[in-house]
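What follows is one chain in structure tokens, specifically the form predicted alone.
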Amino acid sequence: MEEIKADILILGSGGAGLFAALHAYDSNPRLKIVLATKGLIGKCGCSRMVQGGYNVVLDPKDSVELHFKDTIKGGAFINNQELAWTLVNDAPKRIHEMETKIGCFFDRREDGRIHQKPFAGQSFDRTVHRGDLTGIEIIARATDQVFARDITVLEETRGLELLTNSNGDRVVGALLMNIRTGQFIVVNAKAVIVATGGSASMYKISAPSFDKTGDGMAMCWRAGAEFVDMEMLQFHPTGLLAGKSRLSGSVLEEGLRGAGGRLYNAIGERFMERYDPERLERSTRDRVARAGYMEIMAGRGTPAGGVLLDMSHLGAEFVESKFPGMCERVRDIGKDLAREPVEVSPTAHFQMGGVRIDVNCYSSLKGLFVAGEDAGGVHGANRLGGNGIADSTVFGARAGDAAAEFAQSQDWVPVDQVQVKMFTNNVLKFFGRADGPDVYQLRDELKNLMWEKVGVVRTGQKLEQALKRLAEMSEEVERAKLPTGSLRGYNLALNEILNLRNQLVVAQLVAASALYRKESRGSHYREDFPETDNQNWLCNIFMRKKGDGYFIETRPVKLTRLRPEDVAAK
């Protein structure tokens, strides 16, 4: 078995992983940095799929206070306010870094300043963009910068488990698997940064790339890290509906609504007039997604189960010039975004809950740093469009800086070979097993189960039913079969089993936390508790592993900078 000794191991190559690598290296180029990614670097993950842009305060008429206030209001006041404050303050530094050091080019105004466009939930137009394919610009340039540095990149290499010391309170590396060969790799690292993204792909209709299956979250959970607000999972309101096409669920960007796009139900009503008459389609994602879902459930949806996004009133020339990427995406399914309404549906998009971190991405386990969607607390109950890629780059950079400082002060802690053997056996046990549950059937069942019982609208009864079945499925996946004669290299069925095993971990955390929070707030809507209850539930929900189960508790939100009454009074 190959063994690698590294100062820092980074899992994931999205915005958080790449910025962690660049900052760690630039902190000290003598550090041995290994970056492992499940796909091909620059080609996988969700950061490159970012369309709309990056929220940042650049205009003198705007302010970090306003950006912070929008973020906290959008998050329904359960954000970790110090994390949110860090986000809005560091975002301008990262944009400056991207333009002057990374090599990114963003759209400009006629006077030469960076163009900023409107997004939902904003009190000021502050979204920086490169056309409507901003993520490709950021990830492509950052990837070039990683290649220009002495950073070891392991492509098509997935993380399997975090390795810990004998006490279980110190992460000392990770067990990886080369997907191309099926061979295991042990990385003994002083610091590990987890940045692999969330698990929204566990829903029937979802937006993330296929490689995002909650691997990092599941590894952190099994290693014993503490999590926060796992019930908060965002549904984007305008996922493309395209039958069985792989494009189904992919997001039509926020800027379309920001530019004036309208939503109609199947009987021609502009339904947001009922749900948010003041902001209409520029309301926050949670409200627009829930409104669309309600219309569909009330029988006012299209035959395919969606609602209609209409841009045609803005003029075809305007739509095609401002949103060429979106027009091309819609054209791929035979529709014309600039000239006709397009069917859309809420689509599972982003997890606001995740591993508890501090402002420098330290987790509750020594040696473990977490950034990006794997981490919770920044966005509270709902993430604003444009704050996602800002989160990835801001906290990815911080994780890299902090891990570099940490690694320079630490010695390597030896890997426990007994633990490695146990983890490898837990993968190898599937080979030679001709009988057992079919992983693809289980995967499809999970997607339907999460959509129907842990989705946009939840009830206690449905959540209890989901938890019961999820526990059963977690046992079944451990008995899943592999085709006879399976090879270890590029074994798609084995990787699906490993994906599903991780998704089931995350799914149970989401369902359990959703059952625990007996109110509605942000993206978490309980039909049996439809009101927001600040008296009893202005709190965060924390979970950590306890034996084969979990310990769950609430702690009051630390309102260190802004209180609900501060906003209400103005």
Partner chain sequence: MTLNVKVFRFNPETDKMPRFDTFKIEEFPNMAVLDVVMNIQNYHDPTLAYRCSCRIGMCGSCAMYINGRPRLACRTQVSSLGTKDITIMPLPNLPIIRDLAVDMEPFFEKYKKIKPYLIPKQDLKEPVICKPDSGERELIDYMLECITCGACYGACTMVATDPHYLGPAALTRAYCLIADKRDAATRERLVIVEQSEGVWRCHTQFNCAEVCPKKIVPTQAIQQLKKRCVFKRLGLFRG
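Residue numbers count along the first chain shown, from 1. Quantities reported herein were computed from a predicted structural model and do not represent experimental measurements.
If you look for the form predicted together with its partner chain, you will not find it shown, but the lines that follow are about it.
Exercise. Please state whether every one of the three residues K43, A242 and G489 places a non-hydrogen atom within 4.5 angstroms of its partner chain in the predicted bound form.
Key: Answer is yes for this spot.
Practice problem: Would you mind picking out the stretch of 244 to 252, 259 to 267, 419 to 427, 223 to 231 that comes within 4.5 angstroms of its partner chain in the predicted bound form, counting non-hydrogen atoms? | Solution: Among the candidates, contact is made by 244 to 252.
Quiz item: Out of R274, K101, K468, R339, which one falls within 4.5 Å of its partner chain in the predicted bound form, going by heavy atoms?
Solution: None of the other options qualify; the answer is K101.
Practice problem: Go through V413, L280, L314, I333 and name the one with a heavy atom inside 4.5 Å of its partner chain in the predicted bound form. | Solution: Flagged contact: I333.
Practice problem: May I ask you to state whether N165 is within 4.5 Å of its partner chain in the predicted bound form, using heavy atom distances? | Solution: N165: no, not in contact with its partner chain in the predicted bound form.
Quiz item: Is F124 close enough to its partner chain in the predicted bound form to count, meaning some heavy atom within 4.5 Å?
Solution: No, F124 is distant from the partner.
Quiz item: Do E475 and its partner chain share at least one heavy atom pair within 4.5 Å in the predicted bound form?
Solution: Answer no; every heavy atom of E475 is more than 4.5 Å from its partner chain in the predicted bound form.
Quiz item: Should K453 be counted as a contact of its partner chain in the predicted bound form, where contact means heavy atoms within 4.5 Å?
Solution: No, K453 stays farther than 4.5 Å from its partner chain in the predicted bound form.
Quiz item: Hey, which residues along 132 to 165 are within 4.5 angstroms of its partner chain in the predicted bound form, non-hydrogen atoms only?
Solution: Residues within 4.5 Å: L133, I136, E137, R141, D144, Q145, F147, A148, E155, E156.
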